[in-house]
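Listed next as structure tokens is one chain, alone, in the form predicted on its own.
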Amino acid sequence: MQTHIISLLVEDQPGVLTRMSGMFTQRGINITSLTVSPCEKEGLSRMTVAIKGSERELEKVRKQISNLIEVVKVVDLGESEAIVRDLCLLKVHVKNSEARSEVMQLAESYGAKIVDAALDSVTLELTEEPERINRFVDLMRHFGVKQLFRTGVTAIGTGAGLER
């Protein structure tokens, strides 16, 4: 099972998300990540959907999504032709100044920003590829993760890939 990322340009109307996600549910396909936001064209939104499945399942989904009235465009973003990002907010327990220093050094090495600091915790922000965030979170578990929030995958085609 491979992760596929699909970018959808959809009409910005109530119920579009429900119909689209229902179509996945009816086919027994789990959405592993979903982001929706306004885009460059007024009245339209862009959805980035990550699913796990075979090429065959992806092709079926792509065709059926294209048939939904509110869907303007469907693009399969292969990893080689897309920039993929996720945003993570992570609150880490720090017992002492040594742990705080170590957390801050690791954060710097990953390019994470410190967005809040308290006596017993540090809150970090990291925008990166999902796998790199996974590695960072695994390192931070050593200190004790108090809270973890991730936005989900968002992606954009590289170069001319966006225009397809």
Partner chain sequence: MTGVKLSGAEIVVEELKTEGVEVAFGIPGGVLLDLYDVLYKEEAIRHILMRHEQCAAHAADGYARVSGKTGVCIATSGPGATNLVTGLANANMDSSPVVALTGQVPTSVIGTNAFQEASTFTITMPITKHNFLVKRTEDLPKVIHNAFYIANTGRKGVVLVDLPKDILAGEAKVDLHPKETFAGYKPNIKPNQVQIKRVVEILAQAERPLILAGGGVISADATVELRRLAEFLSAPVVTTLMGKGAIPESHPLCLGMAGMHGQVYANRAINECDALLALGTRFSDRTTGWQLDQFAPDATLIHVDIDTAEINKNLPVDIPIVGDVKLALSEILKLLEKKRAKKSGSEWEKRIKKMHEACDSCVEDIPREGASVSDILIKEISKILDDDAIVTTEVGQCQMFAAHYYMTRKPRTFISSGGLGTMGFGFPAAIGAKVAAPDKKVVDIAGDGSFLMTCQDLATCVESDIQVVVCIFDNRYLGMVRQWQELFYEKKYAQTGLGVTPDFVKLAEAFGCYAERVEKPEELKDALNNAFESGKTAVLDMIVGKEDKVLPMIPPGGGIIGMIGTERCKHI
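Numbering follows the first chain given and starts at 1. All values reported here derive from a predicted model rather than from experimental measurement.
Keep in mind that the form predicted together with its partner chain is missing from the display, and what follows is about it.
Residue-level contacts in the predicted complex: of 54, 67, 109, 96, one residue has a heavy atom within 4.5 Å of its partner chain, and it is 67.
The contact with its partner chain in the predicted complex, taken as any heavy atom within 4.5 Å, belongs to 26 out of 37, 30, 26, 101. Contact check for 14, 63 and 72: all three have a heavy atom within 4.5 Å of its partner chain in the predicted complex. Partner contacts here mean any heavy atom within 4.5 Å of its partner chain in the predicted complex, and among 101 to 109, 115 to 123, 129 to 137, 55 to 63 they occur only in 55 to 63. Contact annotation: residue 19 falls within 4.5 Å of its partner chain in the predicted complex, judged by heavy atom distances.
Taking its partner chain as positioned in the predicted complex, none of the residues of 127 to 145 brings a heavy atom within 4.5 Å of it.
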